[in-house]
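We give structure tokens for two forms of one protein chain below, kept apart as structure 1 and structure 2.
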Structure 1
């Protein structure tokens, strides 16, 4: 007779001393772990609930400006530095880690219209009415003693700097390309438009730039050519635009018709995605450095975060005291969002509302990653989605959203009735993407 009976040595399964950690032998046999789908689902639901519980996006508010914040600029070399310009011509330099203003400059008399830090981080440019100021870093002296390009003939509304060369672009009545060392533009672009609101250099194809014009168009230029490349005219005016830093053939423009549009530079005849959710004009947009998401500021006093290919926002930020948000920036470490608003404050938000700040222990990080994967896995289940999508909105915003929905529905119904009672195919079916583009001009 041969016999063997299970007989475990407890020493193999129990810790030796109290100072050791407990031994946890694993066996992944599926029959020892029944109901794996249901249990994972329950975990995912719990994780989603916890995410909503921990969603506290607001970090801090930087106050000090004496008028509405009109523009901001990220420093290209240090993460903790932020520049902001207000409507009374004041420029402030902030240290974000200490949450304090490092330096204040009275740069102009009126609005600071635009601001950009040079790619090397040693100096920055601001624009004012018809003047471009070149301020050296760290602005030790008064602006009068910094390098000044100008005064120039026209009024400026926007500014951007080339990624590598000593060249910058301004916009106003026309788009001008300037050499830093010269007092007259090296190139000027006009295309039958009286004014431009923003100009942006492409971060990858550095000679390309795009601008938003007041004839409801977005115009593309090549700096090496003397004429603009092409433009797309939409039903309403775009305020600003931003290039996707990773896939630099995509750009997103924020429009007066409450929507944002992502275009492929090569195919302008219809946008890739229409991003809807704002209930008032979108004023500013900025991409995350990963190029997967972008944030938009709106006149409806909210900030919304969109996935680059998501039609609706994944997140909305608002506070009781935040007024119309004028400018928005996504920090270069992909963790924070900075918003400048009408009521003189700059606010620092977390890009991921439920993220824990600070150092995480390995076990904590592992658990967070596991929960994140579970949430993604079960995101389409109705219960999970309901919890994940739930947001508290201010009453006015909530009602406006509802009203807009009703209006849209009525419009759609009317169009359907018109189609029903007219000759077949005389009223074309237009998708949401096609509706907003008037024409493309080359």
Structure 2
């Protein structure tokens, strides 16, 4: 004989204390909730609108330099420490938690051309035209108590340090590899170029490095080889580049033609992605620690955040007072962006403009995660996409964007007319990726 008994567990509906939330039983059968999708759509639209309403990315400004900020360096072991170098040779050490300068050093008599912190965080390097200065950490010592390499014969424009070994690279008239204990380079690379503007070590495959040259090329090197590996020559010059910290083969370079290009070093015949939106030369680029996004600084006084595979930026930051942005860094905790600009200020921005700073209660965190899931689910709906993509731009920037769009359309129309009135296949049809690469030399 079968006996049916009603069984209720008090833990399912009785609160532990009177401050707890009432537990409501819910049947998830979709036939009982015919309007669930429409309710979720409304919630997603409201969440997107609230995100734009609370998007206040600017955190603080660090002022104290007496000339434009020319370069910055992140400390490899401490999140709250930042180094900056200005055009008057001054180096400042900042505590980002307290938002104050903790040390000022007069390192050079002119532009600080480059700056990098050693992989162990014990010291840092700065360069001037013909001088590499090695300063011990912490910086309570005078600059003269650090190790100094120089003055040297060549002119320097860029600097980077190996991720694991006591080796650093400089660029100028050639790319030099230096041992910290020696006063002459252990290896030098040249390839018929008169000068280089930037050099970067690969953070994953640490023996590889790349440089940007004045003949519009990006050159790849292997420290174990005696000659460069190969180079790609583009239609305009690249200012600097940055390797993806999670994918060893990929790097992104910022170009004078207002675009950024992401390449796979194995296939340099065309970039993987062309990132556009800037209306003036892109001057600096830095990847997030996750390798999924990167941030770019431009001469058009804006900062833009791109997905690594996105052709257009997901975010643009600007202020009335910010001038040409010279250098940019993404913090190692993936939460903040630091920018240095012409008007002597370093600005701290949130990587996610609408993110709430500080401690969140469990209910707040659950609500934020739920809203984020809804926004991702309905992101391609026209109204949600329109609200999420809309950005207010300064009037000059807005008009420049429109003008560039008109110019691009005119070039496309002219190319179509030339092709229409020429012999078949005499004018090749090039994709946007292929237009900007001249040749690859091996």
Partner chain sequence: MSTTETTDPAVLLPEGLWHKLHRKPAARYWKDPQEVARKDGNNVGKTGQQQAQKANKRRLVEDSEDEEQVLSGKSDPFPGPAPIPEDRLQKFKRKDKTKTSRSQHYKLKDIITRSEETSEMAQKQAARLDLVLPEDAGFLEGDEDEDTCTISQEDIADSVDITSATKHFSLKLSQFGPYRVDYSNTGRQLLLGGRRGHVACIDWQTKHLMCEINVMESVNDVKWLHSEAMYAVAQKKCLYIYDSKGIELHCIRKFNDVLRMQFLPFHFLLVTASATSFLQYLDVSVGKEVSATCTKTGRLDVMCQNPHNAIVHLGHSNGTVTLWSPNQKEALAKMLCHQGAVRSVAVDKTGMYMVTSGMDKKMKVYDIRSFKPLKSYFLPAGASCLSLSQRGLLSAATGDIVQVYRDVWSTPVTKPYMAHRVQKAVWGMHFCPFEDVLGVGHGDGFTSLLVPGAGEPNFDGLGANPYRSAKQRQEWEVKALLEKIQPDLITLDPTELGRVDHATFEMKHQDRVQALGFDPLAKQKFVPRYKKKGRSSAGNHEKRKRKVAHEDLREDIQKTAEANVTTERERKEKKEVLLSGKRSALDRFKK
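Basically, rigid core = biggest C-alpha set you can superpose within 1.5 Å across the two forms. Bear in mind that the values here come from a model prediction, so they are computed numbers and not experimental data. Residue numbers count along the first chain shown, from 1.
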Q) Which of these two, 1 or 2, is the form predicted together with the partner chain? A) 1
Q.
Does residue 9 move appreciably between structures 1 and 2, meaning a CA displacement of 2 Å or more on the superposed rigid core?
A. yes
Q: Once the rigid core is superposed, tell me how far the Cα of residue 21 moves between structures 1 and 2, in Å to one decimal.
A: 3.5
